[in-house]
Ligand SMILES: Cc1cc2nc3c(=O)[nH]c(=O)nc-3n(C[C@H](O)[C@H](O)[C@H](O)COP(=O)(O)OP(=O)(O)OC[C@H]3O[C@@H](n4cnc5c(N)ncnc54)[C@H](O)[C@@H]3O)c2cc1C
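This document starts with one chain, in the form predicted on its own, laid out as C-alpha cells.
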Amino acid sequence: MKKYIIDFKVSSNKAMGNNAILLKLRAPGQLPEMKPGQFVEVKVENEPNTFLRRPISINYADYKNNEIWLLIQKVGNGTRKLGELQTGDTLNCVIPLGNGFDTSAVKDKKVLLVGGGVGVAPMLMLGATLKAEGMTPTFLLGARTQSMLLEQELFEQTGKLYVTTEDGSLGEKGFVTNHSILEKEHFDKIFVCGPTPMMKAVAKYAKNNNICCEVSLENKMACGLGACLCCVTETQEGHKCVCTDGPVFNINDLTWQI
C-alpha cells in the first residue's frame, strides 16, 4: 500500500480521560486508503528532546470530512507536546503504515473486539468498518476505573459494548478475561489491542477455545518503515519488524508462551 507524507491541519484537540487527547486532523485533499489497525508516524515539532517521529494508531478515518482521528495518551515529552496542539496547527504525518486486521473472512461471523486502556483506539475504526459491512461487532473494553474508559459513547453507537473495570465502577469488576460474556457467547474471531499482559491473557483464552485471534503489538517503532529494527519481535518464522510485518499478528505466528 502506497505511503504518503501529509501536512494535516488540526481540526480539534479534545481532552479525554486517562490523561489522553483526541486529535482530529484534516488532510489538504482526499484521504488515502487505509485499513483498521494501521498507524501513522507523526513529527513532533519544537521539542528538543524528541528527535524521532511517534507511532500513533489510527482511531478513525472520516472520509466524508477528510479527517483522521488519533487517540493519544500523554506519557512522554513527545506526546505531551502533541497535547499542546491547537486548532489550525499543522502536524506532519507519514500514513498509512503497517498491516491492519484481517477482516476478509469474518462476514456473517461473530467477532469480538477487545481493547484495554488507550489500546481501544484501533478498535473504533475496526468496529465502524465491520458495521459498514452489515455486521454488529461486539466490544469488550477494560479500564482501571470508569473515568479511564475512552470513547464509550462512540463504541455504544457502533456495536454491542461490554465493559470491565478493575474497581467495579462500571460494568463487571475485574479484567476483560473475567467478563461473563466469554462464558455466555461463542465468538468465531477475536481482535485485541492493549497492554501485553492483557493481550496474552485473551490470546490464551482464544487458544484454549480454538478461536482465531489477532493482536496488535505496541513495540516501540521509531521509523515505521523497517529500517531501524528497534521494533523487532520473535515469531515462528524468526524475527520480524512489527512496523512492517505487523503491528497485527495472528497469535499462532507469535512465540508467546500461553
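Residue positions are given as counts along the sequence shown, with the first one as 1. All values reported here derive from a predicted model rather than from experimental measurement.
Omitted here: the form predicted in complex with the named molecule. The next part is about that form.
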Of Leu217, Ala201, Cys212, Ala27, the only residue with a heavy atom within 4.5 Å of the named molecule in the predicted complex is Leu217
To verify the annotation, which of these, Ser169, Thr129, Gln73, Thr177, has a non-hydrogen atom within 4.5 Å of the named molecule in the predicted complex? Gln73
Given a 4.5 Å cut-off on heavy atoms, tell me which of 76-84, 99-107, 160-168, 178-186 is the interface stretch with the named molecule in the predicted complex. 76-84
Even though the named molecule is not shown here, does Ala143 get within 4.5 Å of it in the predicted complex, heavy atoms only? no
At the 4.5 Å heavy atom threshold, is Pro36 in contact with the named molecule in the predicted complex? no
Proximity of Ala61 to the named molecule in the predicted complex, heavy atoms at 4.5 Å: no
Ile56, heavy atom within 4.5 angstroms of the named molecule in the predicted complex: yes
Leu22, Cys93 and Ile95 each touching the named molecule in the predicted complex (heavy atom, 4.5 Å): no
Enumerate the residues of 108-123 that have a non-hydrogen atom within 4.5 Å of the named molecule in the predicted complex, in sequence order, or give none. Val118, Ala121
